[in-house]
Structures are given as structure tokens and as C-alpha cells.
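Single chain ahead, written as C-alpha cells, the form predicted alone.
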Amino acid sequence: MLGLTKKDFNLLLIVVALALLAPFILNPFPSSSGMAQFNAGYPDLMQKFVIFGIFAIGFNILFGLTGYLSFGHAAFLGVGSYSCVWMFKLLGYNVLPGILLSVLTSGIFAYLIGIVSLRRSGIYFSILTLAFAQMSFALAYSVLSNPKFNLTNGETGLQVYADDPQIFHSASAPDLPHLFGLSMRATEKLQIGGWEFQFNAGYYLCAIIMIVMFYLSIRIFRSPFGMMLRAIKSNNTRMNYTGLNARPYTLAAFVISGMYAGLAGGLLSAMDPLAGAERMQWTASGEVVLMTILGGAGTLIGPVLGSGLIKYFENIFSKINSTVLHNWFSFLPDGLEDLMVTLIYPFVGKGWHLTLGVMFMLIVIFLPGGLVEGGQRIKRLFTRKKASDTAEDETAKSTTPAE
């Protein structure tokens, strides 16, 4: 079905279910509960889950299939963001033209960078992409913010102003990003007992796009093109000896990956019409590398899981401060309460990076294949146990004396 094997189709169904049912899945605790701190079913965070999932899926096509590690993918994220906001300024707030332009411009930009960077491989390729990304950041932060041709608005960030042309903006359309009149901030709330579930138009637009992009990534992984990319990762030198030129394939993978990143950048601006140079910093490029490795590089669903994990820690654990910790341990004697807060506080709030770092080390040491490998081990454990129980039952039946 849809050109997929049964296994891949089932995986696609899992992603569809996770994306469409996220408002329920991510709100396991009642709103009045002390554990509501860990709920993640609000629109802004859910949008980040799927947008950065798209970013990581695209990066995985390059890194997971070809083994080329790019440290500059944030440049395409930033180009996509700026492109989308410029469409808002020139044409209007409809998100569709902005998203399309984001994909197009980031693809062209990736092609230009890829032609130069892919002349080298290994660490030299990684350094070249990092250099291009930092050059792009410097251009966006200072050079292109020159008042004579202000394309990026420097550190303030590019945004829409009342005197912008917005040629196709009509009086009946909302003064916010929308899809043919449907505001991206439109949210329906459902109250069931102590639970509140929010269904946001912007989130579902991003979720549907992520599902489509995930499907395309499956098709790329299973195609002859994907097989060629795996061969490049396995032994590029041997491919060259056979007479095959690997560069067109790696360049195509680089451009596709850049277009995914640009799409993610365009969606970020479509949800919040602001584009800043910070999206092009090297830290943003490092973040997508972490997402892919934590989830499982070279796997299909791994980057989605990794992006969700990192964005969850960033948004949920960073909000836990000393006051919240004191409330959690208030049932303990004062001295013990202060001790627990002192021990845990460095790992939450502003120190959530420390928790993520510890988790990253543990996963790399014990689960080199990321979260996907952890799931596979659990599945094998239960499968072996079930097979063992079945074998024991059959043995017991065969040894039962006949009457």
C-alpha cells in the first residue's frame, strides 16, 4: 500500500497516530495535578516537536544514509525562515507561498554550498559546512542588515510591519499567518474531567506536512537512490574504483536534506512571523546532530523520537526552578528537603543541558543505535520470553503420559 512494504506501512501508521493524537498522548496528567508540569500538549511545544522532526528527518537522509556529517544545516533553517517572512511582507500572511519559497531558496542555497563542500569528505566536509553556516550567520547578523538593503534586520530579527506592501492581503483575512483564512493560532479546547486538550490549526498543518515528509523519506530510503547512498557510506573508495561517480548522489542528498531544513525554517516563521540570525548559529546545527544520534542515525523513526526528546527537555525541564522543587519535596524534613533540592537543581532549570548531556553519554555508551535500538532490545526481550514460554508449554505437553 502506498508503495510501501507491510513493515514500513505499519511504521507510517504509528507516526500518523502519534502526530494526530498528540494532544491526548502528551497530556497524561490532569491540569490541577502537581504532575501537570510534565504535560507537553500545548500548541507551541507540539509545533516544535513536528517542525524539528522534519529538520531531523531531512538531516538523517544526508548523515544516516551517506555518512556525511554536516555541521552547517542551521544555515538552511535560517534561509527558510527569512524567505517565509519576506513572503509575508511582500504578498500577505497566507503561509502557503512562504513555505514554498522557503523550500525553493534553501534548495538553491544547499546546491551552491554542496558544490564546494562535497569536494571534500570526512572531517574536512564537516568543517567546510560549519564555515559556510557561520559565514551565513555573520551575513544575516550584520552585513545584510545594512539600512540600504535591509534583508535580515540584524539582531532584532525580520518581522512584518504595517507599512509593508502585502499585495494580496485582504481586509477580511486575519493579520496573522493563516491558510486561506484559517488562522494558525486558531485553537479549540476540549475539557474532559480534569484534563484539557488543545487542538491547534497550526500544529495540525505542521503535523500533516511532517507525515508527508516522513513518507517521502521512507520512499527515499527504500529506493535505488537510497541504496546508492548506503553504498557511498559503506565504501566510497570502492565505488570510485568501479567507475561510479558518487558526487551527483551525495549532492542530491545534500540538496534534499537542505530543502527539508528550509521547510522546517519556513514552518517556524509560519507559526511565529519572526526570523532571526540565531537560527543559523552553530549551536542549532549541533542540535539536529544530537537529535539524529539520540534517536538513531540511519533509522526511519529515530530522528523524530530524538527531536521530541530534546525539545521536551528544553521546554519542560528548563521550567523547573527551585520553588517547584521545594514544593515537590515539602513532605520531607527541612534539612532533607534542602538536600534533595541542592542535588537535583543543577540538572533542571538552566542546567537542563547537563541532564541531556548525561543522557546522551549513557545512550552512546549503552545504546549506540539510539532510542530505536533500545526499543528493538525491549522487543527482542519480550519475543524471546514468549518463545521460551511457548517452548516450555510444548515440552510439557509432549512429556505428559498418555492415559
Partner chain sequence: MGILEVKNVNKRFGGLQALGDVNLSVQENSVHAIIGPNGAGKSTLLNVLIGKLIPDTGSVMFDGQSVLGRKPYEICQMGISRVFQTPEIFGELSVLENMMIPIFAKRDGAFRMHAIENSSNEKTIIEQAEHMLESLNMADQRHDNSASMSRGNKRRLEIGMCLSQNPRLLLLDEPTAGMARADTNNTIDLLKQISDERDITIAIIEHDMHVVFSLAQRITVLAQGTPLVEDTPDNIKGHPKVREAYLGESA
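The structure displayed is predicted, hence computed values, not measured ones. Positions refer to the first chain, counted from 1.
Beyond the structure shown, there is the form predicted in complex with its partner chain, which is absent from this document and is the topic of what follows.
Screening 128-136, 184-192, 251-259, 292-300 for residues having heavy atoms within 4.5 Å of its partner chain in the predicted complex returns a single hit, 251-259. Distance criterion of 4.5 Å from any heavy atom to its partner chain in the predicted complex singles out Arg238 from the list His326, Lys319, Arg120, Arg238. Out of the listed residues Ile220, Leu101, Leu144, Ala201, Ile220 is the one that sits within 4.5 Å of its partner chain in the predicted complex by at least one heavy atom.
No member of the trio Gly335, Leu336 and Pro346 reaches its partner chain in the predicted complex with any non-hydrogen atom inside 4.5 Å. Of the heavy atoms in Ser234, some are within 4.5 Å of its partner chain in the predicted complex. For Tyr111, no non-hydrogen atom is located within 4.5 Å of its partner chain in the predicted complex, even though that partner is not displayed. Using a 4.5 angstroms limit between non-hydrogen atoms, Tyr124 is distant from its partner chain in the predicted complex. In the predicted complex, its partner chain stays beyond 4.5 Å of every heavy atom belonging to Ile115.
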